[in-house]
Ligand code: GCO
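Encoded as structure tokens, the following chain is the form predicted alone, with no partner shown.
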């Protein structure tokens, strides 16, 4: 019943199913697999596409011959499986050259190298079909504000994105950028940490129409924020270009759990929002299997991400069709039409009429809302009791 279809646009990154189980306290628990093997695994669970950082596919020290062979093998795997590449990105955080940032490094040579590396990676992404290019600034931040000017860093980041949008336009690429906010880790404080901060920053760019957002569940949740609210804000601004789905416990390190593995209610409301508004972009699972898993369990992890989304999509449809739930929503949002003259745009006449209205403040304060009943119905729906 919960089998992926191409229109679902479920995608995984090479770095997700290929994760070898290393963490800061332990060595890898799984042997590396090749990008070709990862593509075939994703195809077996019903994925629509595969995304990658440049060095997920091509090692940073690869020769030209090695690079050409890897790309040829990867293209063949895509052709054999029917998978596409909707999104690509650049690794600007792993190499020691980026120890103090990439676009926001104090060293102008590092900033220039980051631009060069990204242009090359953009070329690769476009060659393989990518339409979205994600920027996650994992090293764009500080541990101490004594070492870097936040104003200078913001200018350098802006200059870099302006440079790269001009590069895309000059090349005639059909490509948009998606910025991925995160508050902390691996840096103590990462610049532009939230969806709201990114939205404000985008409007300062030379080509804001080319730049949107790639919000991630774990990044907002680890800071104690409500991710669905951030996604709604991005959608309302017309900037939800891409989305990273996983799960996370608030206040912890970046866990990247299987989608829906930790807080199923939050996952439900996120899926409901995406389905209700008609989001048509990739649904990208930026998650990792448990370190205790072998590759058969990694495959089950990937299939589980897809199944959970589809189950919650079904639950969202049930919510929208449930007569008791909809009756409560109608009660909660009841409108007798008396305030219609005061809604919409301001005018002096409208304001004068509103000032003349006598409100019964006591009655307004006495009206309760049946949110407990409604929330219990949601819980019962998710538990399969409705």
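Positions refer to the first chain, counted from 1. Being a predicted model, the structure only gives us computed values, none of them experimental.
Heads up, the form predicted together with ligand GCO isn't pictured, but that's what we're talking about next.
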**Prompt:** Thinking of 110, 143 and 187 as one candidate spot, does ligand GCO come within 4.5 Å of a heavy atom in every one of them in the predicted complex?
**Reply:** no
**Asked** So, in the predicted complex, is residue 159 in contact with ligand GCO at a 4.5 angstroms heavy atom limit?
**Response** no
**Prompt:** Do residue 153 and ligand GCO share at least one heavy atom pair within 4.5 Å in the predicted complex?
**Reply:** no
**Asked** Wondering, does residue 306 line up within 4.5 Å of ligand GCO in the predicted complex on heavy atoms?
**Response** no
**Message:** Taking any heavy atom pair closer than or equal to 4.5 Å as contact, tell me whether residue 283 reaches ligand GCO in the predicted complex.
**Reply:** no
**Message:** Given a 4.5 Å cut-off on heavy atoms, tell me which of 121 to 129, 298 to 306, 178 to 186, 225 to 233 is the interface stretch with ligand GCO in the predicted complex.
**Reply:** 178 to 186
**Complete:** Heavy atom within 4.5 Å of ligand GCO in the predicted complex, from candidates 201, 93, 279, 167, belongs to 93
**Complete:** The listed residue (257, 268, 136, 103) that reaches within 4.5 Å of ligand GCO in the predicted complex by any heavy atom is 136
**Asked** in the predicted complex, which residues of 47 to 75 put a heavy atom within 4.5 Å of ligand GCO?
**Response** 53
